[in-house]
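Next comes just one chain, in structure tokens: the form predicted on its own.
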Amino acid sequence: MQIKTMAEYFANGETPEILFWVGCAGSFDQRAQKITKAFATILDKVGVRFAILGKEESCTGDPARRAGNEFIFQMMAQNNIAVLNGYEVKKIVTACPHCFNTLRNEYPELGGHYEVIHHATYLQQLIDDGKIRMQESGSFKGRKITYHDSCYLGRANNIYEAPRKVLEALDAELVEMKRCKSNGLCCGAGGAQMFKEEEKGTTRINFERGREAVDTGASVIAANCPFCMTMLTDGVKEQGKEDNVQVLDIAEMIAQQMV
């Protein structure tokens, strides 16, 4: 699969339907790269004309702002906005809730005005439009799946139903954790915590969340965030259930079961 960059589209005088914002984790983390490939495969299969920025994409600045370095955030954001505005980008889809929240809610005050969609919402739209069709007897049919609400998609942006609608298309049994939706528990990586040592306490947050997920009896934990993916995977390992419980992004699940 050959993915064109915005520069290539621009050079040919063409405009893609969407810009796929890959994000740092989706670009460099080996586990998150699988999510990137799965989502790109879906877009390619359904015939969506999409582009990436490639080497012109840099971090949104989210971790810098959360860690308190406003200067670095503003510098990174303004550089990205200059690139995006230079290509006259209108619509952005990303698989990272952190990138989604920053691009959608924090770039406008710096001059970056775009329609920003998280991949969970975009996948729901493709399913509703009949562009994604599922195998009748897919690998997730009838299996117990529990879904983890990431903070930046859930509480920060009030998106709870779109990812659940996507999971419904798999014809699986969705079982909710005790703490879910607006009462969901953070995976432990938000607010730049991903990049610092944990503070003293009785347990790690991701161990607590991993226990809650395993206690549902689900064989699959569905995530929508590369940070959550890392933390939940470690949480499942701490429970000794890595051989019985998979942690997968919803895009990976759809890519596996779509026709």
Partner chain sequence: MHIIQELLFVIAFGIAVYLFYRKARQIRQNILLGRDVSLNDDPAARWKNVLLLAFGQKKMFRNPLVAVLHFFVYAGFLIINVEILEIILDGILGKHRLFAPLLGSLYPVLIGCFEILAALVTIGCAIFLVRRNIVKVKRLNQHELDGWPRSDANYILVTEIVLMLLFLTMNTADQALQLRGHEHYINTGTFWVSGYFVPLFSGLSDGALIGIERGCWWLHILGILAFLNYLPYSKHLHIILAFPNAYYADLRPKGKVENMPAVQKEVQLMLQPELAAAEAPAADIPKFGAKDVPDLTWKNVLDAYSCTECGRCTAACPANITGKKLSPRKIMMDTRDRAEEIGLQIAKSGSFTEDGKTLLRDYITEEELRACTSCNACVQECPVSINPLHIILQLRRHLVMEESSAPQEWNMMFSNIENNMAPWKMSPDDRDKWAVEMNG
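Everything numeric here is computed off the predicted structure, so don't read it as measured data. Residue numbers count along the first chain shown, from 1.
There is another form of the same protein, the form predicted together with the partner chain; it is not shown, and what comes next is about it.
In the predicted bound form, the partner chain sits within 4.5 Å of a heavy atom of residue 109. The closest heavy atom approach of residue 185 to the partner chain in the predicted bound form falls within 4.5 Å.
Within this chain, residue 7 is remote from the site of the partner chain in the predicted bound form, having no heavy atom within 4.5 Å. In the predicted bound form, the partner chain sits within 4.5 Å of a heavy atom belonging to residue 55. Highlighted residues 141, 164 and 239: none comes within 4.5 Å of the partner chain in the predicted bound form, counting any heavy atom. Of the candidate stretches 126 to 134, 84 to 92, 148 to 156, 170 to 178, only 148 to 156 contains residues with a heavy atom within 4.5 Å of the partner chain in the predicted bound form. Residues 33, 36, 37, 40, 41, 52, 54, 55, 57, 58, 59 of 31 to 60 are found to place at least one heavy atom within 4.5 Å of the partner chain in the predicted bound form.
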